[in-house]
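Just the one chain here, the form predicted on its own, laid out as structure tokens.
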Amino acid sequence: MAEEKANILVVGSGAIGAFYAGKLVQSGAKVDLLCRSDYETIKSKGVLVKSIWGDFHYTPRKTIPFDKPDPGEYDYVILCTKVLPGVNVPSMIRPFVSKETSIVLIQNGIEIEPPIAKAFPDNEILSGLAFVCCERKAPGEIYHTDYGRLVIGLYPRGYSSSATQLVELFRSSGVPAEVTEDVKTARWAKLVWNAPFNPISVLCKCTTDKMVSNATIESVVRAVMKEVVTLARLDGSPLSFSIIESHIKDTKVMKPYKTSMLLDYEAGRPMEIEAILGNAVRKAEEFGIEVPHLKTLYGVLSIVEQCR
């Protein structure tokens, strides 16, 4: 497969999907976009990305509505949708997956790969983490305000030439991307940040800078992070507790940012409570350890979701 001729389907036209699809278009890949609410706008006007790396506009090769799949042959099917209960992802992407397709998950949370791996046992599963601040401001309009790094690797671990080729495509368009041979640990490392900051941002209705400038909130953030690192180590991912200081330091210097969970809450969209918190709490139950801070956030956010 020649990198510049890669056929790619990006599933999801929200902030993450539309932004990285655009970078792949810039790399020379042939990119189709599977859309839900933004279908009409993107089909007629394309996508405008206002980015700290330079603004750009692009039009996908094909814009496909979720409810009318147009099957095709793809080297990569990249999932950039929210991880939510009740969404049958395998049935959504099955028309686009052939024997040679690599399925890529650029999504939040832990333990999100097993359902896809079970549904497509003969396909390579790549897992990816996006460290990026971007927001969908309007249909077909994305604001990229900070960061943008991608980490991609074979699930559950190991080397993949397809992961390397995809990373090289992203790099050619200016995205800081890297391959990992232990994506499971990388996913836990991102959860160390997501588990406290996403739910607390909803409960406090505030941006990241407000959370790390309040001593009480910062102490809760640290306690949640410690629980996640402990879980990761029990799960065979040897994270160092020093990652806590690293995440706190990085958050203090990043631009004020509304987390994806707060943006979903404000927009009335379902929040990724299960992927980010519920799966971690269930892991703790599996290991027989107490994670009181994670359990509290999980319980409170669940009630917040139910009472909206």
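Start at 1 and count along the sequence shown; that's the residue number. The shown structure was predicted, so the numbers you read here are calculated from the model rather than taken from an experiment.
Same protein, other form: the form predicted in complex with a further copy of the same chain, not shown, and the subject of what follows.
- Contact annotation: S91 falls outside 4.5 Å of a further copy of the same chain in the predicted bound form, judged by heavy atom distances.
- a further copy of the same chain in the predicted bound form is not approached by I142, whose heavy atoms all lie more than 4.5 angstroms from it.
- Although the partner is absent here, V11 is not a contact residue: none of its heavy atoms lies within 4.5 angstroms of a further copy of the same chain in the predicted bound form.
- In the predicted bound form, a further copy of the same chain lies within 4.5 Å of some heavy atom of V300.
- Annotation: in the predicted bound form, residues S219, H293 and V304 each come within 4.5 Å of a further copy of the same chain through at least one heavy atom.
- Heavy atoms within 4.5 Å of a further copy of the same chain in the predicted bound form belong, among the stretches 181 to 189, 229 to 237, 203 to 211, 92 to 100, to residues of 203 to 211.
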